[in-house]
Each structure stands twice: as C-alpha cells, then as structure tokens.
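Let's start with one chain on its own, the form predicted on its own, as structure tokens.
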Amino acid sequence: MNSRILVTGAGGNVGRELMRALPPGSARAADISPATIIQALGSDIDAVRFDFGDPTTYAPALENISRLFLLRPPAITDIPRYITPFLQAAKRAGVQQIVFLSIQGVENNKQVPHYKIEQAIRAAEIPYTFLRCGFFMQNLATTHRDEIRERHVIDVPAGKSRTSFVDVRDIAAFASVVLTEAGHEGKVYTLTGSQALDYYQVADIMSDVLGHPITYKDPSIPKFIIHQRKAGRPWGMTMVMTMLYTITRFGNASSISDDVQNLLGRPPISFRQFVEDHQSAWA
C-alpha cells in the first residue's frame, strides 16, 4: 500500500516509536514543536508544526496525506471544539483512513474523551481503525516517574485490581502494520500485554530490577486529585486520569487480548523487560 501518513503527537512516547517503526520517508511527523521531533528523530524527518487549537496548522499538516494516526493530547477534553474541526479538515483533504489511539474498555465508559472521539470519527464517515490500548507501561517512566525516582512509591488509586499493561513499542509496531497494510479499515483491536498485574506486583518487579524497594501506595480518589493538582497537572488531565484509575479499581482494565500476538507474530513485551529497558528513567 502506497500512502503518505500523518502522525499526530509525534513528539510523544507512542508517536516517536511509530515514526521509527514506519518505513523511512513514508510519514510526516506533526507536533506543536517540530524542533522537539527533529531533536528526537533526526533532521531528515518531515516535521510540521501542528496544534489542534490552531486551525491554520491543519492544511499544511494534511497536504498530500492519505492516512492519519490520531492521538489525543492529554489536556484536550473538549472534543467538539478541538477534534471535530480537524476531522472535518481531514475529510476535505481526502484522508482515506484514521487510526485512532483509543483505550481498552472505552465502549463501556462513555464519559472519557476517547469514546467521544470514536463517535466523532464514525460521524465523519472516514474509514477508521481503532486501537483500544491497555495502560501504557511507559506511564510509569513519564507521568509517574518522579514519585518513583524521588520517593520510591507508586501513588495511584487503582486498588487491588489488575491491569493489562502494554508497551508503547508494541503499540507502535501494531499501528505501523495497520497503516501500511490493506484490510484493517473498520476494525477495532484491543492491545494489551500478556499479563494482568496489580500494582503490588508492579512494585515488586520494579523493586527486584532496580535493586531497591518500590512501594505501592493506594491513595483515595480525593487524595490523588489533590496530589496531581499540587504537582501542576491541568484540571482536565487530572480528571481523565482519575476516571481511568477508577475504571481500573472496578476491574475493567484487566482483560488480556491476543491481538498483538496474532498480528505481530510474537509475544508482547513483558513488564519485566520494560523495566529492564528503562532503568535509567528512575536512576
């Protein structure tokens, strides 16, 4: 399949890995800071400034694009204001497929932004592929990095429930296939690892690999919200995180899918392997 691909959020964890996984020269990297993309991926990358809040950036990003990888920035919760206009621009530009990075179990939680984006994509009548992903392993090396590195704790309100974590490298490999191979339009995939772990097990694995104790704290929802706000998280992002961890508390993030294994022909990356590969994040 010959197509020019636009990767939104190319400066983030998933976007960077996807740019590396796609065939060289097949994709344009879009982010609010092209310099960040170039610094991470090299000066030969086709990088363009893109901002969901600035419609003047839509047309240059979408020029000669036939396939789109759509990633919702964490701070965006107003879908009609920021996402729907971009979908309309993508349709006008002739985009033939949208691969949207959604979340596991979204069909049962209509309050999260991802559900609203899925509905907006369907309403736009652009062929789509939804990747409903489990919790990113990399969240522990980014969003929760400082508390693990500085206080040696995992401070999330997930209770004793299990989570089927997924490595973003597997997501990128999977997305690369569905963006460059025919036959994935109209499909919905669930991407998880091969294990469902509770955060006590997560802390034990991290303790073993890092060589010092990591403790799982299970704060109440109000304490979690207060902590995130004190840490400078935007209100919208804090509430989305709270909703997702509440879903986890009720056991809705524990199911395991074989989609990664079936499409890539190999097992998903294990949580232990992820920690071993990212030790420097918590050094």
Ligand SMILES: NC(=O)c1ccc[n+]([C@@H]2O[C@H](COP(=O)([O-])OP(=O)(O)OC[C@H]3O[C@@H](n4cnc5c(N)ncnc54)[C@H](OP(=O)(O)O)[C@@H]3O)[C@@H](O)[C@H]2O)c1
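The first residue of the sequence shown is number 1, and the count goes up from there. Since this is a predicted model, take the numbers as computed values, not measurements.
Omitted here: the form predicted in complex with the named molecule. The next part is about that form.
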key: the named molecule: the contacting residue among 84, 195, 139, 109 in the predicted bound form [heavy atom, 4.5 Å]   = 139
Contact residue in the predicted bound form, chosen from 128, 135, 189, 174 - any heavy atom within 4.5 Å of the named molecule = 135
query = Is there a heavy atom of residue 103 no more than 4.5 Å from a heavy atom of the named molecule in the predicted bound form?
reply = yes
request  = Flag residue 46 as yes or no: does it have a non-hydrogen atom within 4.5 angstroms of any non-hydrogen atom of the named molecule in the predicted bound form?
outcome  = no
request  = Check whether residue 224 has any heavy atom within 4.5 Å of a heavy atom of the named molecule in the predicted bound form, and answer yes or no.
outcome  = no
Residue 159 within 4.5 Å of the named molecule in the predicted bound form, heavy atoms = no
request  = Go through 251 to 259, 211 to 219, 49 to 57, 228 to 236 and give me the stretch that gets within 4.5 Å of the named molecule in the predicted bound form, heavy atoms only.
outcome  = 49 to 57
ask   = Hey, with the named molecule in the predicted bound form, do 71, 76 and 114 all fall inside the 4.5 Å heavy atom range?
value = yes
